[in-house]
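Okay, so here's just one chain, in structure tokens, the form predicted alone.
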Amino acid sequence: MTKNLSWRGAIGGALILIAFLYLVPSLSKELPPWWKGIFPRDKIHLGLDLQGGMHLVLEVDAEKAVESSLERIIEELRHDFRKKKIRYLELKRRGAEGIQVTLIREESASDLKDLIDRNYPDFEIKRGPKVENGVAFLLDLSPKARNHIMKMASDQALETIRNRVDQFGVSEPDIRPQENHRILIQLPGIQDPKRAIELIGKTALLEFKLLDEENSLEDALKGNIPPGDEILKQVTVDPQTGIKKEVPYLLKRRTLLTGEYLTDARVQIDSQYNEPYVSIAFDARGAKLFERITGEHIGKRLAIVLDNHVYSAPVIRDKISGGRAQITGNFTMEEARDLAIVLRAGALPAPVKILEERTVGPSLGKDSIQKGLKSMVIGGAAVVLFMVLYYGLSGLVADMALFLNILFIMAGLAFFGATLTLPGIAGIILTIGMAVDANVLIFERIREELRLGKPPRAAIDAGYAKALVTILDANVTTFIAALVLFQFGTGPVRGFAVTLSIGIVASFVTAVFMTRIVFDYFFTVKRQTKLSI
């Protein structure tokens, strides 16, 4: 028994030591460098209701991702048609359903079917409506491919937003995918919600397009936009008056280069005008493309377009090699820094819209913490006092188990990376009551054995054995209920379920395992003959 007690004591000591190690990051603001390479670094995350911040639910417009994918496929089809010498009248997207092709000659139909069957397996080809001077075919995107594109768009949007938030410098963000292409974002301690929303929601599609300087901008503004052109605007703000001004540009619709080749984007200061600008760098392929584009269009104006807004349209003076470019646009330092962040993090595959936006003030969180701690202190003190008055020294053992229980719960929150919320504090308070309840069951069984005339050592053995099944039943059923709450609950309900689940396990360990070590130590090693209970 003594040897068995040694092992149990070692396990109990190890559990306490590990719990302290997991709590150190939460208790200390700065850890020594050597700690980070050896011991746990994650601290307990506080929910928005405890420290304030912003809660957002975004929905990815996955239909737009499907439409963008169809647009890219149309460009590929144009290239393949030229290569296969398939002549066509029209090639256009049909919403998010597919593509319509109108061939000039019926004889080209077999070539079209061969091309689609061989290179575009996600499409089903069938006859389209009757048209004049041609033969129409419909290319229907399969539901499987459509769902795959939508899922990929949601996953990519989640990753992009996560990168942006990380680079924005928000500590302990909570970003999770939800059903129906939605994303839950919780940013604790955020100081500027408006800026954060703009940063997260910006699509950041960077494109380089040539200005159409051969056709008249005035005619285009009157509605006579040449085929293959579009009008985009540059928005400037007068720093003196704050008045916004929109400058229209007539651009070639064709995109020469996109931001997918970017490897870096940094804020720099213009030494001549002392204004910030964003310096971007391309990868090897992007650098070659940029060099070729600038070499072929010397003397023309190349517009830098972000989310269909022109940022600048400088004249190409010479071939630019080295894969570097600048985006200027009368930025403030904050705007330039945010632009660099979204460019580094990459573009969203589809626009996102805000479904739910909630901001919790830090004063409310501070008040919640104070009230929660006050409840815990008062509730804990009442339980501690009752146990000592009713069970004597055995009550002190139960109180020790209670403190260990709270220690293990907090360490468990740090271990699992869970977030402590106000309902979570309620779960801890509930667990405090459950923790001593198990010891009450054990102590009452021990008292019954003592009244039957058994010696203290035998009464302790019998009391623990008889109470164990009851405690196990009660904890298992409560644990199952907590798991159900966690699975189907949201937000605060999940916070309550997490602390309750961890608390139940901690309660069972402390009430049955840790207190038994104390009793066995005194009545096996120290050979006590009297039991205060």
Partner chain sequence: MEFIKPGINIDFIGKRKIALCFSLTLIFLTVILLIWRQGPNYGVDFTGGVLIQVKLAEKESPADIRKALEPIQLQDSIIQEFGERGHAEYLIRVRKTDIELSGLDEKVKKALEDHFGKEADIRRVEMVGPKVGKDLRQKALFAIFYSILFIAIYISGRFEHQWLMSIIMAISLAIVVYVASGFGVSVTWLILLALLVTLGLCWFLRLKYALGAIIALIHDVTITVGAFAITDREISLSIIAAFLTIVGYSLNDTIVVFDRIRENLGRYRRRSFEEIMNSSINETLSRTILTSSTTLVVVIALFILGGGVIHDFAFALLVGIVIGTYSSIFVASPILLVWQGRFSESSKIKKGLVRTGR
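Positions refer to the first chain, counted from 1. Under this definition, the rigid core comprises the largest set of C-alpha atoms superposing within 1.5 Å between the forms. Since we're looking at a predicted model, the values are computed, not measured.
Not pictured, yet referred to below: the form predicted together with the partner chain.
- Remark: all three candidate residues (Leu422, Glu448 and Thr478) come within 4.5 Å of the partner chain in the predicted complex, counting heavy atoms only.
- Note on the partner interface in the predicted complex: the residue among Thr236, Thr263, Thr359, Gln268 having a heavy atom within 4.5 angstroms of the partner chain is Thr359.
- The listed set Phe290, Tyr277, Tyr391, Phe408 contains one residue whose heavy atoms approach the partner chain in the predicted complex to within 4.5 Å, identified as Tyr391.
- Heavy atoms within 4.5 Å of the partner chain in the predicted complex map, among the stretches 81-89, 123-131, 213-221, 424-432, onto 424-432 alone.
- Using a 4.5 angstroms limit between non-hydrogen atoms, Gly412 is distant from the partner chain in the predicted complex.
- When contacts are judged by a 4.5 Å heavy atom cut-off, Glu63 does not count as touching the partner chain in the predicted complex.
- Although the partner is absent here, Phe488 sits close enough that one of its heavy atoms falls within 4.5 Å of the partner chain in the predicted complex.
- When contacts are judged by a 4.5 Å heavy atom cut-off, Asp42 does not count as touching the partner chain in the predicted complex.
- Contacts of stretch 455-482 with the partner chain in the predicted complex, defined by any heavy atom lying within 4.5 Å, are made by Lys466, Val469, Thr470, Leu472, Asp473, Ala474, Val476, Thr477, Thr478, Ile480, Ala481, listed in sequence order.
- For Leu184, the Cα coordinates differ by under 2 angstroms between this form and the one not shown after the core has been superposed.
- Core-aligned CA deviation for Ser68 between this form and the one not shown: less than 2 Å.
- Put the two forms on the same core and the Cα of Ala462 is off by 2 Å or more between this form and the one not shown.
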